[in-house]
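In the form predicted on its own, a lone chain appears below as structure tokens.
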């Protein structure tokens, strides 16, 4: 024999009830089954709403009643939708509707009575709530009967006897078990249908079994009959590794022990209510959680002993929301017995349930977790009890913290595996999830942590990634500035996404995009196949708005990527870092501006465990800063830096000669994307100055931009031009000057290069004539070159050379920084 219980969703529509009937038909062919059903989905809440309105003298209760009537009538019509040409079925439908109408009329009379007397007692409330299961079981039974299924309907109130504790009655098993056994021993039907949740007191009054009552009904019958299996049919395929609504990678757990199931249920897994397990636990009856909407899914089997499968001992990660933390503390508690007793007695008298307890070994502090709903009442009660000690300053007034949640890592065998708690807390720490309290029982079956409710999604995803996924690390990207370089970066991400996931277990997801006009943010990730259209239809762009989106989404491993040259964007870096959102910057302003801000960003990066990377600030995609960082970290010291750091200027002077005009070459460089849209930024030398300044700072020198010497090669008219067009006009007018620069270099058998130097703590940039044989002489195209003279490389420098400009290589440099963060 088996017992099957179907929840409200499973019987919430004609379509779902048909699926239930199909399951019953299949299972009843091999064994007798008892079937416990809940009220039609949502009806219990509607009954309570109607009663509350009636009790408040609000005539809207009649509308609620009409809704209840309509829902049940709709279910019946759906179940008997093929009765047009079948008079017998039509008659059965009419009889069922008449029977249901009688029950609903009785409900209406009860609601009218509540309205008249303006009162809803616990006893009346139980009578009211019993209508839900009574109606659903009646409808399902008559549907089975109309389809010639071998079934009978038995009212659970005739089998389950309780005390008179209305709304949460206690079962009298000495009376109940013999009744159940006697009935089923005499039953000859293949299927026995029973309403869940309802019962009767020893005095014959209707009672209910409280929260999870239908599950409890099924467990009571299963234990009394010592059945082969208890099946709980719901709308999900078992108990999940964590909340699937918050973690998309969550998966059903195939097998759990009773104790693991109880822990998961207590900590928020809504599929099973803990008291359900108790009657069957003693009899070691397996419980199987199945999905009515997907009956072929394996589901979760809960048994006494679980076969080890060699995987992680962690079985699930669960959470409880709406938690408050009460802290009793003070020096007067140390070594004085009785404080804990008084605290817990006070809460017990207030009927406040304690979810979590932790106490410092110094006895200076006791923390307890309770429901937010009870928090203020608990604080007032405890403060009143300890008023004398608080007045004498022996203890502090109760400290109350709200808006918290508890997350719990659960598994039977965790105590036999080292490092579980270490993995848990290090994972939370890396994602800047602050832990307010910790509790771990001696059994080590449950490790719990109290965190802010806003961090729950990030915490669950991070822990699930750590304990259940194939070590795939998801990186969530928020990109601002999607022009030429940004577009190439997105294309590279799209191209490499599958490769990175397969070979490096890195999953890249673009969660936000912004340009100067619009922005789009999506928790599930922006569709990279259609990102331009999504961005075009996005909301109006705001720097603070984009940051708020990233902050509020609170995604793990978040990275902000700045591909602009905008100072206002660079001023936002500190805000991101303080939220543990890493920053990857193509923008040079933050690192070459005020040194106090540069140092602040470095400090925030360390404090909040968020990377601050800006490899593309110098040399685009070349590993200049990475190499320099390794030199410094390994104890080397930089003496001198010589570099050609402008790919645009190198392109210009490599292509400028007596047969071309300086104007045309600069125009070409602008059109091909080697310079900024405003070429004055490149030709003024400020860009190179910023780069060498960053190299100096990364070498450990506190240098400001004002300390740097810049020798401009532009004419005074070019330097003082008001617009880009004016600037280009000066190039035409001063062509003879630029030809003179070229001729001088040619006469000296030299090449013109714009060189950056740093030596003895001083930096300078300027146009130089480079003689033949020098490493800079043959530098072609848009290449950059950097030479580091260090204590380890005093005579022959360490040289880094390659393309230092262009959208593709700059995008690849940004991409490399993203991968560095992912591999951290």
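Numbering follows the first chain given and starts at 1. Rigid core (definition): largest C-alpha set, two forms, superposition within 1.5 Å. Quantities reported herein were computed from a predicted structural model and do not represent experimental measurements.
The form predicted together with aspartic acid is left out here; the points below concern that form.
Counting non-hydrogen atoms within 4.5 angstroms of aspartic acid in the predicted bound form, say which of 212, 313, 332, 483 makes the cut.
That would be 212.
Only one of 35, 786, 765, 39 comes within 4.5 Å of aspartic acid in the predicted bound form by heavy atoms, so just point that one out.
Partner contact (heavy atom, 4.5 Å) among the options: 39.
Thinking of 44, 133 and 197 as one candidate spot, does aspartic acid come within 4.5 Å of a heavy atom in every one of them in the predicted bound form?
Checked in the predicted bound form: all three residues contact aspartic acid.
What stretch, of 726-734, 212-220, 501-509, 696-704, brings heavy atoms to within 4.5 Å of aspartic acid in the predicted bound form?
That would be 212-220.
Pull the contact list for 803-824: residues with a heavy atom within 4.5 Å of aspartic acid in the predicted bound form, in sequence order.
Heavy-atom contacts to aspartic acid in the predicted bound form: nothing from 803-824.
Once both forms sit on the same rigid core, is the C-alpha displacement of residue 131 at or above 2 Å between this form and the one not shown?
Yes, its C-alpha moves 2 Å or more.
With both forms fitted on the core, give yes or no for whether the Cα of residue 44 moves by 2 angstroms or more between this form and the one not shown.
Yes, the C-alpha position differs by at least 2 Å between this form and the one not shown.
Would you say whether residue 167 is displaced between this form and the one not shown, judging by a C-alpha shift of 2 Å or more on the superposed rigid core?
Where the cores coincide, residue 167 still shows a C-alpha shift between this form and the one not shown that is 2 Å or more.
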